[in-house]
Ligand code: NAP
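The chain below stands alone and is given as structure tokens, in the form predicted on its own.
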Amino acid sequence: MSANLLILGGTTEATALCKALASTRVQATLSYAGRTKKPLELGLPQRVGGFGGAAGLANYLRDHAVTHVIDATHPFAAQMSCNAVEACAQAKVPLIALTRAPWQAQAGDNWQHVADIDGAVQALKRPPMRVMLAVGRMHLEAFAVNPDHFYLLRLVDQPEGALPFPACHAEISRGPFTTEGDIALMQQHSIDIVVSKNAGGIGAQSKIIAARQLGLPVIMIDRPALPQRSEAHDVQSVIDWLAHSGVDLGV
């Protein structure tokens, strides 16, 4: 069957999937939120911005005759993933999520689990520390209520305007990162504690391994709960799902 895929992207998994599909004959569009100024060129048509909630996404699927949706958004993009489940049900379009298995604590890890960003903010209500804050640009303001810490930030884009902390350093870089690089970065800035979302996967895992090797505690933000959906943890599984759905990939 001919297919018209919509990929909800913004992750390394979405990048890998787009590269794999670019070498096939299948029609696909990558949609992303547009929070990164210079997205990678991935060989597929791209759209930027939201859809207007689940109803707007359902209308988009109908209007553009989308046959399959692959949700390859970040594991913490809960609203988009919830909208995708609801919209695909409304439009009767098959959905699969290409998502990362969450990290699991190992020997040597010292994790304090919190439920969300607010929980991480509360966990930092303590005497001044040097914090590696790896939560993304959108959430920085929430931590401004704890101004006594030094914050090491890792951002994809150079921030516009002043950062909300009296003492901080922004490291502008795009992953995947290495354990050796993150150990050096933490040592350079004398980091005492790491704050991280449990993003899973290997692209951002190096900071967790680095914290383990340096004996640093981690405030680990657990993943949000999502509706039941079909999931895959690698690109080949999505390709197989498409093939089993009758999609002619033309490889």
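What you see is a predicted model; the values in this text were computed from it and never measured. Residue positions are given as counts along the sequence shown, with the first one as 1.
Form predicted in complex with this ligand: not shown, discussed below.
Contact with this ligand in the predicted complex for Ala144, defined as at least one heavy atom pair within 4.5 Å: yes or no? No, Ala144 stays farther than 4.5 Å from this ligand in the predicted complex.
Find out whether any non-hydrogen atom of Gly43 is located within 4.5 angstroms of this ligand in the predicted complex, and reply yes or no. So Gly43 does not count as contacting this ligand.
State yes or no: in the predicted complex, is some non-hydrogen atom of His149 no more than 4.5 angstroms from a non-hydrogen atom of this ligand? Although this ligand is absent here, His149 would stay clear of it in the predicted complex, with no heavy atoms inside 4.5 Å.
Non-hydrogen atom contact Val121 with this ligand in the predicted complex at 4.5 angstroms: Although this ligand is absent here, Val121 would stay clear of it in the predicted complex, with no heavy atoms inside 4.5 Å.
Val114, Ala91, Ala77, Met129: which sits within 4.5 Å of this ligand in the predicted complex by any heavy atom? None of the other options qualify; the answer is Ala77.
Should the three residues Thr179, Gly181 and Pro217 be counted as contacting this ligand in the predicted complex, with contact defined as a heavy atom within 4.5 Å for each? Not a single residue of the candidate spot has a heavy atom within 4.5 Å of this ligand in the predicted complex.
Segment assignment from 161-169, 78-86, 91-99, 106-114: heavy atom within 4.5 Å of this ligand in the predicted complex: It is the stretch 78-86.
Partner contacts for 50-72, taking this ligand in the predicted complex and a 4.5 Å heavy atom cut-off: Heavy-atom contacts within 4.5 Å come from Gly50, Phe51, Gly52, Gly53.
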